[in-house]
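The chain that follows stands alone, in the form predicted on its own, written as structure tokens.
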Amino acid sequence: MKSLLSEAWLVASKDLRIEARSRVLTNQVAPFAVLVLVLFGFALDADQRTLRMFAPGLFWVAVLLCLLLAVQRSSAVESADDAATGLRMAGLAPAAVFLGKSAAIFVQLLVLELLLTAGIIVFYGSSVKNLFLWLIAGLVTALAVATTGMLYGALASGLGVRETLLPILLLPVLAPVLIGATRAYDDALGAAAVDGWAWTGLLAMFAVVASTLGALAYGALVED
């Protein structure tokens, strides 16, 4: 287990260093996320009370759209100069590669969640009513979507049209996560009277299942 985690850390730190140097997150993904929130506001053409009501759902839709960019970026990093072959030749366990790359996407999503939370506070007039629930639900959902995104990214990576196929494969699977995360944030942001902790528990179960399946199946999915 210690070796698996150390290998996963090597992969995650590699991906995060690449992203830090390329600044794709700060220069492209983050502005895209903010723009999505602004466009949602224009599309609804609503007052702040209505925007506050819909803020949790719009927040997570923006996160999922950014997830697609992050997963495609992660796959592109491994495609460049046949880096995926280099990882296999290095003797890293496929499960460690999956966990490491998922962890890198997870960290990027956390940064985006912080940015988008600031966005809905500024643009929609939302406020965090339950900080602890907001934090735990955000962490659990980021883990669920990162691992699921990485799993389906690996599934689509061998296809020449993965950029267009990935959303078709991934978004229907993440629909339950979108619903659960929205309900949890309804409670955390005070947008609706629901039991956010119950939904967060379901999200945690989804995250555990996705992480386990991904770690077990990743090796078979990326084999030539």
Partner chain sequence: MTEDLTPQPSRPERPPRRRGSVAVIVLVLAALVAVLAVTLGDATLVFYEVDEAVEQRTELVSSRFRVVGTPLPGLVETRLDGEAAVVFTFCASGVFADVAHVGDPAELFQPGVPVVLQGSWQAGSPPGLAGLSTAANDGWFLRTDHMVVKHDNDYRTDEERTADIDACGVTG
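Keep in mind it's a predicted model, so treat the numbers as computed, not measured. Residue numbers count along the first chain shown, from 1.
FYI, the form predicted in complex with its partner chain isn't displayed, but the following is about it.
Annotated contacts: A198, L213 and A220 all touch its partner chain in the predicted complex [non-hydrogen atom within 4.5 angstroms]. Only one of the listed residues (V24, L202, V11, I18) places a non-hydrogen atom within 4.5 angstroms of its partner chain in the predicted complex, and that residue is L202. Using a 4.5 Å cutoff between non-hydrogen atoms, A193 counts as a contact of its partner chain in the predicted complex.
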